[in-house]
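Consider the single chain below, provided in structure tokens and representing the form predicted on its own.
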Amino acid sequence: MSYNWDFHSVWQYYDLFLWGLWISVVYTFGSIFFGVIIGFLTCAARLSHWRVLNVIARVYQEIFRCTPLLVQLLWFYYAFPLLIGASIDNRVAGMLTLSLYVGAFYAEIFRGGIVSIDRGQREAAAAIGMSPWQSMKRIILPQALKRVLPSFINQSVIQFKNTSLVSVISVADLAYMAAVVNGQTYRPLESYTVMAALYILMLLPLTQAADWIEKRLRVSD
């Protein structure tokens, strides 16, 4: 059985694909921005000597790392409004969920990088009169950030793919727009092939860049 490909009828809606791609990019970079802030704060709480902060941060991480992102999106959009007694815009729910989700992973990446630095360096910094904050800023963080950069980039690339899930709460991202085009043309093979091609077009350079950075850092070590 042969199939007659017809990309022309699908590509007439190229503006929908490009708009959806733009929304996916916005959600990617927006959630990465907020996720980094959440990740640093959570990392600081995990490394804190205050047990309450440590426990709260650990619980947050385990909840968001141990439940599927799809479940989180559905919960924040449909269930969370019932708890607070107010509706949440689907775009806000999408950005909030993506940010909290990636923040939990960033926190562990940052924490792993910091604790991987030899404790002797902290002790040496204290011996020459540096405060804990000074040693963290001048000695620990520069080394830790270098070590976590490949993992951070890889997690950010994964986050771009994760944005496709916001379509389930009707956010007009690339996956949602592909479904819209399919509904207009009844050409699912072409619609979703174009969607896949656009994801590859965006992600392939990023994955190659991540591999290149990782190799450069390995050589410099």
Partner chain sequence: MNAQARNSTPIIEALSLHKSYGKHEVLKGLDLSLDRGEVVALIGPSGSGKSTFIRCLNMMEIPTGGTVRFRQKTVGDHFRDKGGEIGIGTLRRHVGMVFQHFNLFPHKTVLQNVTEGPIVVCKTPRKEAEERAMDLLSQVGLAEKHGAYPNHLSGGQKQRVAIARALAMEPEVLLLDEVTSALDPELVGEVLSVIRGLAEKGMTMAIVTHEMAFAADVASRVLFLDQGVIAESGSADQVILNPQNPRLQGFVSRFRG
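Residue numbers count along the first chain shown, from 1. Quantities reported herein were computed from a predicted structural model and do not represent experimental measurements.
One more form of this protein exists, namely the form predicted in complex with its partner chain; it is left out here, but the text below deals with it.
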Among 92, 145, 115, 139, which has any heavy atom within 4.5 Å of its partner chain in the predicted complex?
139
Find the only residue in 128, 71, 79, 84 having a heavy atom within 4.5 Å of its partner chain in the predicted complex.
128
With its partner chain left out here, work out from 71-79, 102-110, 84-92, 116-124 which stretch has heavy atoms within 4.5 Å of it in the predicted complex.
116-124
